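This document opens with one chain alone, in structure tokens, the form predicted on its own.
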């Protein structure tokens, strides 16, 4: 009887309610104090195609999915064909005999535990419903019976999520599945889930929602974005909270309009944000340059997916790093932050708005599909941990002795920023090169001074990061005497932490450096780790190991080994730990 770690896969075609049923299951488990991590895989189709949702449940904190599952809920035959190889040796399959023939799938030869339930028949005959999508809730009832998990948690979640009429139908459905399993199935399923008493309160959300919450808490009042997977979830979240949070949320005609609107909002003095994926960011690159030249504080979430071009629009990658660092023509400062988990999505978004205004430059939050669309249970955020810092802003009346200079040359490169309508100050800006007052200039001496002024911001930002001990990197494990040091950025963090757990069970100890700030690059911290590393292994979701080239650029050192994956799917911990063992 195992209760410590359980994974379920729910599969079917798009439109069958795969994500909703997985979400309900995970929330019900979390309501009982269990830890949850969920990820979804779907094709770029509105209907049809194969979708599946993996929910991992544990009595301790979990950071990613595993390489195997213990139970499959198959809402079509394709799910069994594609995923029965992923079942653990004592795993089971819930299926509808109207869809799947055990003989055609060689179930008996493979000695799988089979749970045949007439899902469609129950929906039509017992529930008297015509919408067959409700069969996924019937299947969930079966799952709760097999796991001996209290049905009350799922009933509470259904009441919380759905409106009364829809909730009533789903409550009948989950009970019907539970009752059928109690009556017809032998109690031979090895896995059990039990409520954890006095469990710490946790919240359940994905990366898009965490970034949205961070933006709202940071005081974002203007959000403009054009839908593009996987950033669309953030647009939905912001739009749903527009009125409650007194924001303006706009879906313009395209990405060019979105970034230009954000720049305009920043010029007016409000905290502004946009988001897109790689293809949309290509369109935004000219606007990014304008934000750099005009020194407008905007925040951009770039959500990576597999490319180039349209690529795999619903799958994940880390192949845009070099593009993000160098997008747009000319030279100008930008900050690039890559959160690695849901908690960092929240806090780094708040920090992004502070850096944008304090140093008057664009800040890019670099994420990907895996991070943004995976759900996990975490502790509630400490909203007092981060303070709003708006930098050198002038409102009301400008009290300087000289005429106001929007682009005054200062030691830090940051000029006093008067907002429009400030009395005694003319706020003049230009996308052309300009002088301190904002007038267009082609003077070579002034051009040199202005470029130096803008670039100088990163020098002082880097200094502030070190002086305040901001977590530009995070280090896990012991500094010396270990087999290897893993180095990565972004969403590879979760699978790496899980792989480290697996290695520890075999007495193989590695440590791990996570790089969060990619611009300005934390050279000193990275060099300090490299100095102590026995051997280094870069882990990335791209072909060319872009992080390796960045480390080499700043430290003149190369990594010893690389583990790279670029098929659009995230790392699995078992696969990753095996690759690490092969190197060690």
Partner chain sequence: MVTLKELNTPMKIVWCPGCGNFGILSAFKSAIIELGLEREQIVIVSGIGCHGKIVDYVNTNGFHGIHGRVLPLATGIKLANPKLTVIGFAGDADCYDEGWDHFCHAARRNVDITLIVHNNMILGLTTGQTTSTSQPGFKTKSTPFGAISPSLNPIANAIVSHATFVARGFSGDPKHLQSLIVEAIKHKGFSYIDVFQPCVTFNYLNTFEWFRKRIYKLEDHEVTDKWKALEKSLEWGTRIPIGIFYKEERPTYREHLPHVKSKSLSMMSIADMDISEIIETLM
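The structure displayed is predicted, hence computed values, not measured ones. Numbering follows the first chain given and starts at 1.
Below, we turn to the form predicted in complex with the partner chain, even though it does not appear here.
Put simply, residue 405 is far from the partner chain in the predicted complex: not one heavy atom of it is within 4.5 Å. In the predicted complex, no heavy atom of residue 340 sits within 4.5 Å of the partner chain. Within 4.5 Å of some heavy atom of the partner chain in the predicted complex lies at least one heavy atom of residue 287.
With a 4.5 Å cutoff on heavy atoms, residue 269 counts as touching the partner chain in the predicted complex. In terms of contact with the partner chain in the predicted complex, the residue from 131, 188, 198, 246 that brings a heavy atom within 4.5 Å is 246. In terms of contact with the partner chain in the predicted complex, the residue from 391, 420, 97, 400 that brings a heavy atom within 4.5 Å is 420. Only one segment in the set 502 to 510, 212 to 220, 84 to 92, 468 to 476 has any non-hydrogen atom within 4.5 angstroms of the partner chain in the predicted complex, and it is 212 to 220. Across the proposed site, 323, 364 and 580 without exception lack any heavy atom within 4.5 Å of the partner chain in the predicted complex.
Contact annotation for 232 to 270: residues with any non-hydrogen atom within 4.5 angstroms of the partner chain in the predicted complex are 237, 241, 242, 243, 244, 245, 246, 247, 248, 249, 250, 252, 253, 256, 257, 260, 261, 263, 264, 265, 267, 268, 269, 270, listed in sequence order.
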